[in-house]
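Take a look at this one chain, the form predicted alone, written out in structure tokens.
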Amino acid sequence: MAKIQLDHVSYSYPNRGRPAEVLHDLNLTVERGEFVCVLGRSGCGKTTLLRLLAGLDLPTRGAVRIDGEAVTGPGTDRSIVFQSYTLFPWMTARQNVLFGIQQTGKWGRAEARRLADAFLRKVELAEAADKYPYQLSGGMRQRVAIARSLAMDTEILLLDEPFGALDTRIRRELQEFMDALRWRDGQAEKTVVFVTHDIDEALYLADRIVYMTPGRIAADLPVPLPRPRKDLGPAERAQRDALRRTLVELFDREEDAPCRCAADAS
């Protein structure tokens, strides 16, 4: 059974009394343990799709299913990182991460604190654990949000351009960390839906790339490159470059392709 299934999903919002359709008749399957990048220019509906998967919005038509069950709201099987910094301003960095961990009910207080500190170290914020969001830069706040999502150890990770505000070095390190995030401590493999408009980031991370034009899925491309992708051989680089050209052509049908250099720039 697929982990995530979208069946003829459409979504509209009221616009001066008339529905404005954002997504139209989407059909998508994400298998358990698959890393899917959703790629497309701004305004094509990527974030709306992620909100439907998170249960924050519900389809106007069709159904979103996880493990065969219709999504009717948020669940502890999913964690999400938005483009904006969704931290509680009255909590320190550690307390923000702890809050997410405690929502799962999986660990006691001591283990939850150990996990919070471990994931703050992974995003290089150990020394900022006792600082409040107003004391952190935008990139640091985003790293706290990423640490909170990863520490929750949910079956499904939903990420909405999570690295966009980070500097190049941290961005590359977190891309490599996400690439390695296939298993943790022998637990179930993660299913990841990762929204981006960066072609190279998608090619570095994805098992599949779903390319969206406004409201629709225009292409669904497998990325059969070996992992890890930091050091690809000549044949694999040629395969990656062919996929990049395909994606650039898709972007070029609408506008110039935004293509930043990701972790593997070889």
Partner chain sequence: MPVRCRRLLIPHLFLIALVAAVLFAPKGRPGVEHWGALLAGVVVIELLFLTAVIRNRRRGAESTAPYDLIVFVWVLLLLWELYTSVSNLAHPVLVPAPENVFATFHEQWRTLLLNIAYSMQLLLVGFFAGLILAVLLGLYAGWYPRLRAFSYPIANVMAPIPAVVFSPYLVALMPTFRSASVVVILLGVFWPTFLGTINRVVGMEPQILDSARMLRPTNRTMIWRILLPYIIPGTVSGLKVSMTTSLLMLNFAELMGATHGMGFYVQNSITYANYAHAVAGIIVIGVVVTLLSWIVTKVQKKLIRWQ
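Positions refer to the first chain, counted from 1. What you see is a predicted model, and the numbers here were worked out from it, not measured in a lab.
The form predicted in complex with its partner chain exists for this protein as well; it is not shown, and the discussion that follows is about that form.
Comment: 90-98 is the region of 114-122, 170-178, 90-98, 192-200 lying near its partner chain in the model of the complex, near meaning a non-hydrogen atom within 4.5 Å. Checking Ala219, Ala70, Leu56, Leu232 for any heavy atom within 4.5 Å of its partner chain in the model of the complex turns up a single hit: Leu56. In the model of the complex, every residue of the candidate spot (Thr86, Tyr132 and Met152) has a heavy atom lying within 4.5 Å of its partner chain. Contact annotation: Gly139 falls outside 4.5 Å of its partner chain in the model of the complex, judged by heavy atom distances. At a distance threshold of 4.5 angstroms between non-hydrogen atoms, Pro74 is in contact with its partner chain in the model of the complex.
In the model of the complex, at least one heavy atom of Arg51 sits within 4.5 Å of a heavy atom of its partner chain.
Under a 4.5 angstroms non-hydrogen atom cutoff, its partner chain in the model of the complex has Arg148 among its neighbouring residues.
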